[in-house]
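A single chain, nothing else alongside it, follows as structure tokens in the form predicted on its own.
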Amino acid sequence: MKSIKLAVVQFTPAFKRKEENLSRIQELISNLEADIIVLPELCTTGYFFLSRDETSELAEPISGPTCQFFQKISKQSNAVVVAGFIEKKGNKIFNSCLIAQPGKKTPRVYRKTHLFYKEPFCFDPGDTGFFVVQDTVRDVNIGPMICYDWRFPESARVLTLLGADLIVCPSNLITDAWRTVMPARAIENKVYVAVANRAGTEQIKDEELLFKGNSTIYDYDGIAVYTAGASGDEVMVTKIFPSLTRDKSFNEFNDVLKDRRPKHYKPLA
């Protein structure tokens, strides 16, 4: 049974200071030995933007220096790297996360499907849909979603139906409900879930957001195997066994996917 090392990095970015954030990320993961490294949502820029003018100043295409930075990290560390950034595609701006793989020239990019709070003032709704990245070298199938996507059970279920062993969720979480729901997402789909949350605060005018930290790795039974503190930067590393998620049975008679009856899941007239 093959195991791989999963690392989740809790990080406190400096608002709008991209170069400073990239430098700090480099410090945090420079000596990290892992097969997969997951960083928070918008980890290169901070989060609390109020307009497209602000996000457009920091947005980059997939070919830009941010993606090149993480692709280089992926190659040097021989690890899959997942990290949130502001993406520019034509005249659109997305809250995205990249999935950089060793040996690949260009990362895959997931664009956040469900925009939260004031994000619609700053970003376009994601248009990639949900997908799974297959890494045959490490024998793991990785399904990305971003922060508020967790509130919709369809997000994790679609990723599971697409074959995800591990759901990665770069986040900027400011509520507490996710601590109840994320374990459910793991157990109802029998997948590992890695929540890379940020910490710290950001204030715009008279409003302050407190980011809750507590980044967590959940096993496929919904048990938190590693949880970070509520504040500060922290790197968590644990072994996971992706192949154990592929048998969706939980006793000799029941299977969480085979027992589904989708024809009965339509709303009543």
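What you see is a predicted model; the values in this text were computed from it and never measured. Counting begins at 1, following the sequence as shown.
In what follows, reference is made to the form predicted together with another copy of the chain, a form of this protein that is not presented.
Partner proximity in the predicted complex, defined as non-hydrogen atoms within 4.5 angstroms of another copy of the chain, places exactly one of 137-145, 155-163, 96-104, 74-82 at the interface: 155-163. No residue in the set Phe49, Glu54 and Ser231 has a non-hydrogen atom no more than 4.5 Å from another copy of the chain in the predicted complex. Contact annotation: of the candidates Val133, Ile86, Leu173, Leu115, the single residue with a non-hydrogen atom within 4.5 angstroms of another copy of the chain in the predicted complex is Leu115. Another copy of the chain is not shown here, but in the predicted complex it comes within 4.5 Å of a heavy atom of Leu268.
The closest non-hydrogen atom of Val256 lies within 4.5 Å of another copy of the chain in the predicted complex.
Using a 4.5 angstroms threshold between heavy atoms, Gly129 counts as touching another copy of the chain in the predicted complex. Under a 4.5 angstroms non-hydrogen atom cutoff, another copy of the chain in the predicted complex has Thr180 among its neighbouring residues. For the partner-free chain shown, Thr180, Val181, Pro183, Ala184, Arg185, Ile187, Glu188 of 178-213 come within 4.5 angstroms of another copy of the chain in the predicted complex, judged by any non-hydrogen atom.
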